[in-house]
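First, one chain by itself: the form predicted on its own, in structure tokens.
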Amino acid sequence: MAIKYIPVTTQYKQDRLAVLKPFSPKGAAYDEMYFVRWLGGLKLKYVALAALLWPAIAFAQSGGYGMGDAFEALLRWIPFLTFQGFLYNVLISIFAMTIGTVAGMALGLGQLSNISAVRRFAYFTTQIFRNSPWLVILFVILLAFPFEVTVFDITIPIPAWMKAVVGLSLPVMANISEIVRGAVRSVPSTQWEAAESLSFNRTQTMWQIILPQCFKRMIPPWMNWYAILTMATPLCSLLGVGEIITHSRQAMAAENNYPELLVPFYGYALVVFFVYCYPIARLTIALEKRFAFK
């Protein structure tokens, strides 16, 4: 039986070849909601499985001082780590987010000012703190701020946690500034034109028409940055702030620094942060879908 060969055309060969398309910068835009989408998309069953396997693997590699002893030590220290450690992480994140939000809104509105000097100053300040490492900012604040201030012969101490609040509020301020500027810019220009036709001045238009429409749009990214800020609070341990990581090291030192203590104590810190931030991530995703543009 004769075999019939079908010739392959040049056009067919060309269509079968892989084509490398040119790079488009539009497809590489930064997504401010990436972190919270990643955190909110985690499956709880996989997280629970990892939490169970991690101590088991460490237990298989340990000897002498066992993992059972390490977990017993953790149980003794849990109240101390939670109420004198993680509670400070939450308080630092709340105060830093409050200060950063108020200052960031003022800075964001400053970027939209008609006064050139105000607009340039707000833009420069935003870019400086938005593009600086958080750890470097914390060290600068630690060295720049005094440990105490004397006012009318009254000495007022400045604790380390207060410096940490100031240091963390600066990058949050810069990112909130960009959120406010982007939210105002996203309002259709027809809203400004309608306000102008009603003889509203710029201040009235901003506060009575534009900003009320922006609040819903700013809530999801604002919550996203609060979750990121909470995750960044362990950096304060480098400043000597008494939070959960600092107290974990102190507790392990009190237990003779056995290597088996690392998994339970730092694992507990990881679980506490996850339990606190995961509901925030899920709520943020739900609000983003609810307030999405139709």
Partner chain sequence: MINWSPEQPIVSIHNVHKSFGPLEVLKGVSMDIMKGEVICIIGPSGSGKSTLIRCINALNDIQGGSITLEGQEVHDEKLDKLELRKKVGMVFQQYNLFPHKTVLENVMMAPIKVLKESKVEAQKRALELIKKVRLDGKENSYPGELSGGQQQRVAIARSLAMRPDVMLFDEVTAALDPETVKEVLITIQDLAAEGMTCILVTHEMAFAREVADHIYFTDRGVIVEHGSPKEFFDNASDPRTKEFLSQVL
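Positions refer to the first chain, counted from 1. Bear in mind the structure is a predicted one, so any value in this text is a computation, not a measurement.
Not pictured, yet referred to below: the form predicted in complex with the partner chain.
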item	value
L198, heavy atom within 4.5 angstroms of the partner chain in the model of the complex	yes
E148 within 4.5 Å of the partner chain in the model of the complex, heavy atoms	no
Any non-hydrogen atom of T155 within 4.5 angstroms of the partner chain in the model of the complex	no
Contact of S132 with the partner chain in the model of the complex (heavy atom, 4.5 Å)	no
Which of 160 to 168, 183 to 191, 105 to 113, 138 to 146 sits within 4.5 Å of the partner chain in the model of the complex, heavy atom basis	183 to 191
Triplet Q204, I209 and P212 all within 4.5 Å of the partner chain in the model of the complex via a heavy atom	yes
Within 262 to 283, the residues that have a heavy atom no more than 4.5 Å from the partner chain in the model of the complex	none
